[in-house]
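Next comes just one chain, in structure tokens: the form predicted on its own.
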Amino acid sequence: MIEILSQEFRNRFREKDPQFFFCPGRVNLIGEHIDYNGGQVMPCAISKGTYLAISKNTDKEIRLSSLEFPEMAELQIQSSYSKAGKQWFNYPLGIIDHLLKSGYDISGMDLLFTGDLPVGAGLSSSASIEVLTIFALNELFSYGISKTDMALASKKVENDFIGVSCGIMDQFAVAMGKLGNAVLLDCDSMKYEYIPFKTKEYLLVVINTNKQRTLSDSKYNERFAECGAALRLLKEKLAVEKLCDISSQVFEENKDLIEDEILVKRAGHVISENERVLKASEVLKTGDLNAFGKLMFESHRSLKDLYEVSGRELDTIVEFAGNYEDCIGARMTGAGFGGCAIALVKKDAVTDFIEKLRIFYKTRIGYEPSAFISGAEDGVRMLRS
């Protein structure tokens, strides 16, 4: 990948010695749609991601280019920038705008992106580009920004510049990923802990429904608002700041404060999912993968029935996985409405699992899913040329 990127960089920009960086995507092992409710999540970085070649130039221009998209931005250096429609380069442009508004100096530079992370598949391609950009600029200009602050800045860009009401999980996972570990993150306090993710005789299979969705156009922001509405009603009696402050028992005793059954379902998922994450961290520490797999299935049922963010494609994958003898756990991962699912499958059965899933899925849906295997990987980093 570096060789391809290097050659194309020279073709487009004439500089011969760019620096190279990589930022992975992520899957969330468990803990969906609770990051913006102040709960616990457990993502890990994956093997696929976004690559960047970058170099300063003397033209006093910022040029943003990609091997995957024909659109290229050529910008004069100014004090701020605005979002340009739905172009891919809004993500690095948002980071540049944030840095300028935060008082950091930027000179002319050329940036060329590429990657093997499917866009719109729920594997955090946007967070990957955002964190990659700020990490690379931090190295290029020696800003001294910590990885935690990079994640926070990237979330701010996603919220304010891009317009998606996401939480911190995606940006934090791809910035702070650690080989062989999941990240148990408290999205309210930002406290985190690395949890060993040792899959032993199993492999983590990431299955792409190949039904793309655009997060800002999905019902993600609607769910965000529904959780806020449920919380306001519960706060009329309960002294809490966020939904994840509430236990399942307390919720059952007080859910009559919410008259809207839809809001009851949304809050019920958030509260129970937060508790599942804590249980998952405990069983992973003891190496009990079977117990973890059961929690994965429980999580998917909650996302399907209570939060209603799954869909026919994701449900088909999880249904197949639940009936496959050598699969011990499966669930949708990411925001839903398409995107990806994950499954824990015995190593010697993975090829058979994927082939039979393709047939089952195509019969139901009309086209095939795609799949790849990934462990828990390191987060954003510089690459050697």
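Worth saying up front: this structure is predicted, and the values here are computed from it rather than measured. Position 1 is the first residue in the sequence shown; the rest follow in order.
There is another form of this protein, the form predicted together with a small molecule, and it is not shown here; the text below is about that form.
Three-residue candidate spot Glu313, Arg358 and Phe360; no residue lies within 4.5 angstroms of the small molecule in the predicted complex by any non-hydrogen atom. Tyr220 is the sole member of Trp88, Tyr143, Tyr220, Phe197 with a non-hydrogen atom lying within 4.5 angstroms of the small molecule in the predicted complex. Think of it this way: in the predicted complex, the small molecule has a heavy atom of just one of Pro92, Gly115, Gly177, Gly167 within 4.5 Å, and the residue is Gly167. Among heavy atoms of Gly334, some come within 4.5 Å of the small molecule in the predicted complex. Within this chain, Tyr36 lines the site of the small molecule in the predicted complex, having a heavy atom no more than 4.5 Å away. None of 342-350, 46-54, 27-35, 59-67 except one has non-hydrogen atoms within 4.5 angstroms of the small molecule in the predicted complex; the exception is 27-35.
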